[in-house]
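Just the one chain here, laid out as structure tokens, in the form predicted on its own.
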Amino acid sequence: MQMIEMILSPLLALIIGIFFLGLSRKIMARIQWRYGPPITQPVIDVIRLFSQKSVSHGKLFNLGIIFSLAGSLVLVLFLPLAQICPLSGSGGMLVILYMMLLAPLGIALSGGESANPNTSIGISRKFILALGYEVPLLLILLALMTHYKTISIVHIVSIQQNTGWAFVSLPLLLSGIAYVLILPAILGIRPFEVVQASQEISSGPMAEYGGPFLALATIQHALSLFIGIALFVNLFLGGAGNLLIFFLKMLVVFVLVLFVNAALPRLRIEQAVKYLWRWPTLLAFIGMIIVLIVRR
């Protein structure tokens, strides 16, 4: 049964992530009074890219994107997907926090081998942005672990299903708001679309990718979308008892984030870090203090 879940969980995560990629392009097009591509366009692109030839810059260039994709696939196994969680007893939320750094690390190893200056700028922005949202994210996770007295995300989901969502719980309200504020940065969309800013650095880390490499990068992006939203749904919206409810919760969160993406302009990297270390970090810190006071 566990082997089936280890195959099913990444597959469902990939399907949902690819669907969100297509849906985002469609919704953004309609907001901008365009018809837009079909929702299945990412699937068409991935199939087309795998059929094309590409240029390799070395073994590390080849292995870096695979390492990044593997990190995201393993991380999905730790996240409850309704009742599916293959590695529920193999780690806690701090493991998830560390695993989230593998994806940018793999992209950095791959892009660094290409020696493209646009790639180097994009990689540096990716790590700086990750440093920006990892600080409030750590405070948020500490508040959750302190409040529920467990490091297991499965136990946190189970407790919420009996007592109510963490997002509407008074001790964790500020922590939930802080996560909402950093969610666009985790997903890499506006106003935090600084890593792949095509108008500035020619797609950044993806500048040298083509063919199968770009297809793998698209798949990794889809998994990153799933991970960021699924983590919020599990931590603050109580997960779900079945796949349909879990997907609907993710869909509502994703559409709301898309409205933010459509309404706000892109920040500069220093503006993004300044924002992330100010309001989300302040709210997350106050939220953690409130949890400590309530639990004392």
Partner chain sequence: MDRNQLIKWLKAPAKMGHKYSLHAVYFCTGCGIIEVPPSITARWDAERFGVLPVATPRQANLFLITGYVSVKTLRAIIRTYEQMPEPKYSVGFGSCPINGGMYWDSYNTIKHLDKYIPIDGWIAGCMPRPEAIFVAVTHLWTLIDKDMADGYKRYRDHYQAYRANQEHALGKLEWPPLFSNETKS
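It should be emphasised that the depicted structure is a prediction, and the values quoted were computed from it without experimental measurement. Residue numbers count along the first chain shown, from 1.
One more form of this protein, predicted together with its partner chain, exists but is not displayed; see below.
Shown without its partner, this chain lists Leu251, Ile47, Leu264, Leu244 as candidates; in the model of the complex, only Ile47 has a non-hydrogen atom within 4.5 angstroms of its partner chain. At the 4.5 Å threshold, heavy atoms of Leu256 stay clear of its partner chain in the model of the complex, well away from it. Its partner chain in the model of the complex comes within 4.5 Å of a heavy atom belonging to Met206.
Though the partner is left out of this view, Gly164 does not reach within 4.5 Å of its partner chain in the model of the complex, counting heavy atoms only. A residue is said to contact a partner when one of its heavy atoms sits within 4.5 Å of a partner heavy atom; Leu173 fails this definition for its partner chain in the model of the complex, lying far away. Residues Tyr35, Ser51 and Leu214 are all found to lie within 4.5 Å of its partner chain in the model of the complex, as judged by heavy atom distances.
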